[in-house]
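There is one chain below, alone, in structure tokens, taken in the form predicted on its own.
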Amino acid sequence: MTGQDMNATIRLTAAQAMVRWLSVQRTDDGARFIDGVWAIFGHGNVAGLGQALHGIGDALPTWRGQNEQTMAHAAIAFAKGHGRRRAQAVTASIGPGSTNMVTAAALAHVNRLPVLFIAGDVFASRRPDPVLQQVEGFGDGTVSANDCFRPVVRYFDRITRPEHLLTALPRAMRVMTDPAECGPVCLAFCQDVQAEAYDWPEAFFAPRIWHIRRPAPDADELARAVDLIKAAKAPVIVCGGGVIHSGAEQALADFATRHAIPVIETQAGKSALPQAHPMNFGAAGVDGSAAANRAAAGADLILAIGTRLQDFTTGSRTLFDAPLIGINVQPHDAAKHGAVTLVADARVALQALTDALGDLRFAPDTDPRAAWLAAVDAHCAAPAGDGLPTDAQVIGAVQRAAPDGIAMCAAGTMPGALKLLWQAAQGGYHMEYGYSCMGYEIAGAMGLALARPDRQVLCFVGDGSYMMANSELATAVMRRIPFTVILTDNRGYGCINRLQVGCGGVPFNNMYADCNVEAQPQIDFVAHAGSMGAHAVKAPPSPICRPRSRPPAPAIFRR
């Protein structure tokens, strides 16, 4: 390129520059990293960003949802379904549109998942202050409602001049593609700045490939970890979501098989190993299997791989009292519980450990695993008579009908039941339990189905979460995105009711029967889903739990 070319510029609005730049950021397989933009327009983003998105067309497609939070949930599930190697953006107007996204930002932050929030903001010029929906800070003239994003995103920037994008956009991409810092980004985009023209360097819009690094372990840390493993008699692996984010599923399977080390699963790590793998002892912790928790209690060394060691996993730090090796790309997580750290990419670390350990092999007791799987089969079997099925029997019926499907959920009773009972195939599990956000399920199923069109997505949801956020069913119908929803009607918040009673309280304000209402609601969920265009049926009491001669066709939406 000549010196003259290097100085070439192109005149665009700031919003046009943003969408053009995003459209040419690529993954190492050539796909757009930002797949597209979910948008609900208002006065804070329609005239600037809306015009730019219309102009760029399919080079960066725009999709309309029904609610800003649930659009973001769909984007988050899409990113998780792609192992953090692709993401989506979500834009909303100033005020309630943007603050609706804050809950989703917290969800993405806790789960370490990339999503780009483009939030409409106040006028940078301040000439029309206060504009409609502007939050005025009596003691701070720089504050806006979007400052709510600061504690729940990995990177926050307020775009008050067009040229801020020259640094803000690359910083945003660096965060979303960094395996250690990965998480949500918020660019609060002042609405007058969106429409301001600027002479941009043409070189800024050159296509770029973002490679996700795989940090190798420090030699000294690796040597300490190897010495600890060689000295152990009964090590156990805790498999977290970082194994899946790293694409280390096969490396873990090979490592566990070669060295005969039991693997116990977190919610995020479940299905990194298929349930059929002989070293998969199932779910760990409060909602864990007898086999997994027995192995953890008897362990003399824990290898925590790619996990945050959340309280459900560790039984609030009571499940195991053995030394830990924290294998994690993020030092903050690797050092938890006073662990010996091995800061590295999970796949690279497992390969390095395998090379160093050679033919070292342990002799775990596998009888508890066999006993636990037999108990699972018994609990999930079809009932002998008529009557409403248990959660376990519902799970068993769906498992028999779609054994290779991806079970997904987020809140209530089902996450614990699925973690314990769903016998996942490879990659057959998607749980949002870092934030346990009610209302994630329907939108998350849509985003997951977009990411994994090759698999049947099975969305388990209770009536409480369904009532909280169900409107993206209509979006899925409009876009012809198929997935199956299994709705269990508990007539209220059954999970929290059990916790309330279990803690010594009395049933109060959770189940409809215990609420201060004049009449018990009689909600026809089949009619409600059908009114949005979904194909919906009510399962009869008993036949749902009976084995079928062949799997049924997946649920589809009416055309």
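For every residue, the number given is its place in the sequence shown, counted from 1. Model, not experiment: these values are computed from the prediction.
There is also a form predicted together with a small molecule; it is not shown, and the following applies to it.
Only one of the listed residues (M532, A47, I496, I56) places a non-hydrogen atom within 4.5 angstroms of the small molecule in the predicted bound form, and that residue is I496.
A411 is the sole member of L342, C459, A411, V185 with a non-hydrogen atom within 4.5 Å of the small molecule in the predicted bound form.
Contact annotation: the small molecule lies within 4.5 Å of heavy atoms from the stretch 461 to 469 in the predicted bound form, the single such stretch among 461 to 469, 288 to 296, 308 to 316, 365 to 373.
In the predicted bound form, the small molecule sits within 4.5 Å of a heavy atom belonging to M438. Proximity of G492 to the small molecule in the predicted bound form: non-hydrogen atoms within 4.5 Å are present.
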